[in-house]
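The chain below stands alone, shown as structure tokens; this is the form predicted alone.
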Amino acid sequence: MTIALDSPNSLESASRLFQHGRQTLVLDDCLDWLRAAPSNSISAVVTDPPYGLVEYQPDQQQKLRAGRGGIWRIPPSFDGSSRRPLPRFTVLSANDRQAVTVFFREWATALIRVARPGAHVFIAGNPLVGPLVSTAMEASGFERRGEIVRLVRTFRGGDRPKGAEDEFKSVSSMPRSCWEPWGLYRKPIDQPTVAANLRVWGTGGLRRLSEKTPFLDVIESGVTPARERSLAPHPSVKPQAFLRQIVRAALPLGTGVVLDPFAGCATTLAACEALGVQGIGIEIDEHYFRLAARAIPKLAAL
């Protein structure tokens, strides 16, 4: 069932819910949703959370949409290319960083009850604040299972000192980013072996690329194509080609429920739909919820 969101009152009639194919998108606070969700009901999590938290507060989102920046850096053109807004995590105060740890500790504690034993959690990150989330995940009982490296050359970093570009032409304030880390975690299995856990829960491992090749922790990935960004205009939208590889790996037997608790424009759900698996997305921002409802069918069809 697909719920149309074109009329002003359709959101209320939809009871904060959008469904398309095997996907369900909910307008809600993910902490509230997780606290009410059944235990051991989610097979995997694939998500790109608001790492700095402050960048998705209503006032900062309003500044972003107005093109005024705030914590969002509106960078100049670079080598003839227009650059998209980026959150300035380097401006986070000690209190902001502590808030990140506290929030993700609460989130992970709520999530671990809902995840099936052996469920894997893939979390997009960045080198500056990713370690804070890792600390919270492990403190809440998740096992750290490594890191997925998304090889992508973005425009993050590499700039000369602001306001003194001509004076310091041979200096960069930070290295130019050429990769994106995705933290990989697992809820501990509750069976004697991974094989036994797979038989009981369908979780515990990662789906191989083929019988001869295991899932790899390095994935080559270009920037998100302009066509996909136009369908899902979110500042951190990930390409379908990459997300479909992650979603496929997250369900070792090809079945189960994938959760994205920070759905944004629901690109994870679009990847789930393209692969024919069930997905649930939670989005707290009504603006992105509406954009996601329109984007899921179109992205899944690519």
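What you see is a predicted model, and the numbers here were worked out from it, not measured in a lab. Numbers follow the displayed sequence, beginning with 1.
The following text describes the form predicted together with a small molecule, which does not appear among the structures shown.
Practice task
Would you please decide whether Val247 lies within 4.5 angstroms of the small molecule in the model of the complex, comparing each non-hydrogen atom pair?
Solution key: The answer is no: Val247 has no heavy atom within 4.5 Å of the small molecule.
Practice task
Flag Ala263 as yes or no: does it have a non-hydrogen atom within 4.5 angstroms of any non-hydrogen atom of the small molecule in the model of the complex?
Solution key: Flag for Ala263 set to yes.
Exercise for the section: Could you confirm whether Leu291 comes within 4.5 Å of the small molecule in the model of the complex, counting heavy atoms only? Expected result: Residue-level check for Leu291: no, no contact with the small molecule.
Exercise for the section: Classify Asp48 as contacting or not contacting the small molecule in the model of the complex by the rule of any non-hydrogen atom within 4.5 angstroms, answering yes or no. Expected result: Yes, contact at 4.5 Å.
Handout entry: The single option of Leu251, Ala37, Val237, Val277 touching the small molecule in the model of the complex, heavy atom within 4.5 Å
Key = After the contact test, the surviving option is Val237.
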